[in-house]
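One chain is shown next in C-alpha cells, namely the form predicted on its own.
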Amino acid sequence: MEVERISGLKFHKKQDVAIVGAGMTTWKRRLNETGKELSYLAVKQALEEAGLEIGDIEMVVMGSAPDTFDGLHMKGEYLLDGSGGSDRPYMRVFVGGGTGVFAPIAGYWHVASGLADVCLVVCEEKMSSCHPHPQSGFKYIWDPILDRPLNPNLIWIFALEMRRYMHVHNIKHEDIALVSVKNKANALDHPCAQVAEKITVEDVLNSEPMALPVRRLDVSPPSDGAAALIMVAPHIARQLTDNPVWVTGVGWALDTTMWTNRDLYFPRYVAEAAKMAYRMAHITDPRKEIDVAEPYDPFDYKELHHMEGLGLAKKGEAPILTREGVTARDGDLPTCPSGGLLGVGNPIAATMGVKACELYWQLAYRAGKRQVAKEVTNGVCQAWGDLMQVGTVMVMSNKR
C-alpha cells in the first residue's frame, strides 16, 4: 500500500475493502452453548467459506449487546478467545440493535485505514441467560427522572412509535401486517431460522396483544446466536476469489435519547446515516440504484419505517410497495429476502447475520434458495438501536 510521510509522520492511504466470507449459527434458545462457543461456530464457518485459517486473521472486531444478557460484566473480554481475538488486536463495539451493522463498519475502517489487511468481524448474543425475560435487561436504560416513573418497556415505546407512524400517514394495520407475512415466509428458505412459517394477515391481527397496536406476530422473538464475516484488502481479495463483494459506503448517526422530543413518524437518524453511506458509495437515487435491501425489522412496521429513512420509498409510501409486491423476493426491490428478524430471529447484535452477511451472500450469489430473482449489483443493509436513536448503514456492490 502507498504511504505518505508528512513531517516525519506516516499515513496510510485509504484502501478499498472487500468481504470474502461469512457464517452464522442457527438462531434459537441455545442452552447448551456459551457465547464463546456460539462465536467459535460462526467464525469457523466464515473462515471455511473464505478459504482462510485463524492464523491469517490480523485483528478482530466483536459486536455484542448489553452485558446483562450474558450475566457478566465486560463481556467483550469474555468473548475474546471464542471469537479468535487472542494475541491480536481486538475491540468491542456496541450501539444496541445498531451493532449488527456498526460492527462491520468498525471492521471496514480498520481495513480501509491500512491498520489491518484481514479483519474478522464477529457478533454474538446470548439472550436466554437473562431471566425472567431479556426485556428485563433493559429495565435501567431509561432516564431515572423523566422516564422510569412511568415504568416503561421497549414494546410500550415502540407501540407509541408505530401508532404515530400509522396516524401521520393513515396506514392500516393490515398493510403493516403484510411485512410479517412476507418475512416469515422468506425465512422458510433460511437454514438458521427460528420462527419461519406461513401466516396470514388475519393471523397477525388476531395474535396476542402486547401493547396495542403491537401484537405478538408484529414482533420478532429474542434469540441466541452468532454471525461472522471477513473483510480484506484488495490484494488479499484477489488471492481468494474472482468475485469479492466490496463495501462502497458506510454511515451512522445517533439522535438524542430524549425520544419524547422527537416526532416518531420518521427515523431521521437512519436518513442521516443513509446520506453519509450513499454519498460515499456515489448513490444519488437509492430507489433506482439499490437492487436488494436488508433494513432492520424487529417489528413489521420498522421495515417500512426504515425503508423510508433509507430513501427506498417516499414518506408513507413503503406500505404501498409491500402491498403491490415490489418488496417480495421476486419483486423490483427485494427487501429482507433473508426473512429478516421477524422470520429468522432477533439476537440483537448477531442480527449481522441477516443484514450485512445476507447482503454479502446476495451480492456474491451465494444465498441459495434465498437468492433474489433479479440481477443484483448494489445493496444496502441497515440496523437500528438504543432508544429509537441509532442508525447504522452499509452499502455494498459486486462491482468495484
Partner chain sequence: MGVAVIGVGYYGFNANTPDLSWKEIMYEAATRAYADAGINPRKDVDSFITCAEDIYEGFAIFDEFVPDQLGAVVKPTCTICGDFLYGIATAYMHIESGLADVAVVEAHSKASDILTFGNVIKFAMDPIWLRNVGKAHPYYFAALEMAQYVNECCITEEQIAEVVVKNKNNALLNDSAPYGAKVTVEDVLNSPMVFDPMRKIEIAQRADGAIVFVLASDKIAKEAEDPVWVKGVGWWSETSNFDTMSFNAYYAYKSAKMAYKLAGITNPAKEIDFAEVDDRFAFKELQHLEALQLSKRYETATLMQEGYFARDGALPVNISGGNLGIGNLLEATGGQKALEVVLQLRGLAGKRQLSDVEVGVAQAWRYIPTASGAVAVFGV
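Positions refer to the first chain, counted from 1. All values reported here derive from a predicted model rather than from experimental measurement.
This next part talks about the form predicted in complex with the partner chain, which is not shown.
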Listed residue (Val118, Ala112, Leu178, Met210) with a non-hydrogen atom within 4.5 angstroms of the partner chain in the predicted complex:
Ala112
Sole residue of Val204, Ala253, Ile290, Leu321 within 4.5 Å of the partner chain in the predicted complex, by heavy atom
Ala253
The partner chain in the predicted complex: contacting segment from 256-264, 183-191, 124-132, 223-231, heavy atom within 4.5 Å
256-264
Partner proximity in the predicted complex: Ser86 to the partner chain, non-hydrogen atom cutoff 4.5 Å:
yes
I'd like to check something about Arg92: if you look in the predicted complex, is any of its heavy atoms closer than or equal to 4.5 Å to a heavy atom of the partner chain?
yes
Please check if Leu387 has a heavy atom lying within 4.5 Å of any heavy atom of the partner chain in the predicted complex.
yes
Close approach of Asp56 to the partner chain in the predicted complex, 4.5 Å, heavy atom
no
Only counting heavy atoms and a 4.5 Å limit, does any residue of 133-156 reach the partner chain in the predicted complex, and if so which ones?
Gly137, Phe138, Tyr140, Ile141, Trp142, Asp143, Pro144, Arg148
